[in-house]
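Just one chain follows, in the form predicted on its own, and it is written as structure tokens.
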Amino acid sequence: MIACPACDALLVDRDVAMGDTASCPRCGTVIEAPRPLAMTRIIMLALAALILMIAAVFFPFLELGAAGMVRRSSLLDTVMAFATGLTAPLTIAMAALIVILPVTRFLALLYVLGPMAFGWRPARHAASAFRLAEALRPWAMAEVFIVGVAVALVKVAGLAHVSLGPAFWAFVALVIVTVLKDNFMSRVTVWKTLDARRTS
């Protein structure tokens, strides 16, 4: 039996052919949608997300100009500047939610799907790694960070000249890549593949 992730309806597990879609009859949520080369695409997107995350952390994020003074700042500079004092817990939480947890999730997906994409047996503790990746999914908040930055820029734009750096656009691309990756991934199919490869 499989529980629908949206309405908790219990459904009878069945094999779904490649390219077909199995949906919940009660709420219509897609339960399983295996696609050709899906694992390879997810791996490529996860690698692209890791590269974009490196660019987003170390490249200049914003450039502020006011009264003849110009200040460039990267995300790493911001974290380091507020990493002491009363703001340290908030800064650590921000760094974890928008950098550390997403990177951990990308690495876990690469660890789980990499061997299976080549037709090999799953890596050791692959099931635990995939369970961790799924548990971190609601807490990886790069997209929330981008929305917050966009709102803040609207308010700051009236006080100073604001230029968006390459790290900002890297973050935007990262959010798009993450959405595409999650759309490609059929979690039920991954679990079934893990079980099948471990017993074969």
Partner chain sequence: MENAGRPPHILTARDAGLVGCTQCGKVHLPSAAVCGRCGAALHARDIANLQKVWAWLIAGIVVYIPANLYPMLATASLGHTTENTILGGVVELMHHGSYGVAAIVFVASIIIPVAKFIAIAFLGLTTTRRVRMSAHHRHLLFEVVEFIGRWSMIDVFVVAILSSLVRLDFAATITPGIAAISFALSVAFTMMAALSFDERLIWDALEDE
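Residue numbers count along the first chain shown, from 1. We call the rigid core whatever largest set of C-alpha positions still superposes within 1.5 Å between the two forms. Fair warning: this is a prediction, and the values are worked out from it, not measured in the lab.
What comes next is about the form predicted in complex with its partner chain, which does not appear here.
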* **Contacting member of 37, 147, 164, 54, with respect to its partner chain in the predicted complex [4.5 Å, heavy atom]** => 147
* Heavy atom within 4.5 Å of its partner chain in the predicted complex: which of 44, 172, 50, 156 fits that? Just give me the one. => 156
* Any non-hydrogen atom of residue 191 within 4.5 angstroms of its partner chain in the predicted complex -> yes
* Examine residue 78 and determine whether its closest non-hydrogen atom to its partner chain in the predicted complex is within 4.5 angstroms. => yes
* To do: Give a yes or no for residue 33: in the predicted complex, does one of its heavy atoms lie within 4.5 Å of a heavy atom belonging to its partner chain?
  => no
* Asked: Is residue 111 close enough to its partner chain in the predicted complex to count, meaning some heavy atom within 4.5 Å?
  -> no
* Could you list which residues of 134 to 153 come within 4.5 Å of its partner chain in the predicted complex, counting heavy atoms only? => 137, 138, 139, 140, 141, 143, 144, 145, 147, 148, 149, 151, 152
* residue 27: with the rigid core matched between this form and the one not shown, does its Cα shift 2 Å or more? -> yes
* Core-superposed C-alpha of residue 11 shifting 2 Å or more between this form and the one not shown -> yes
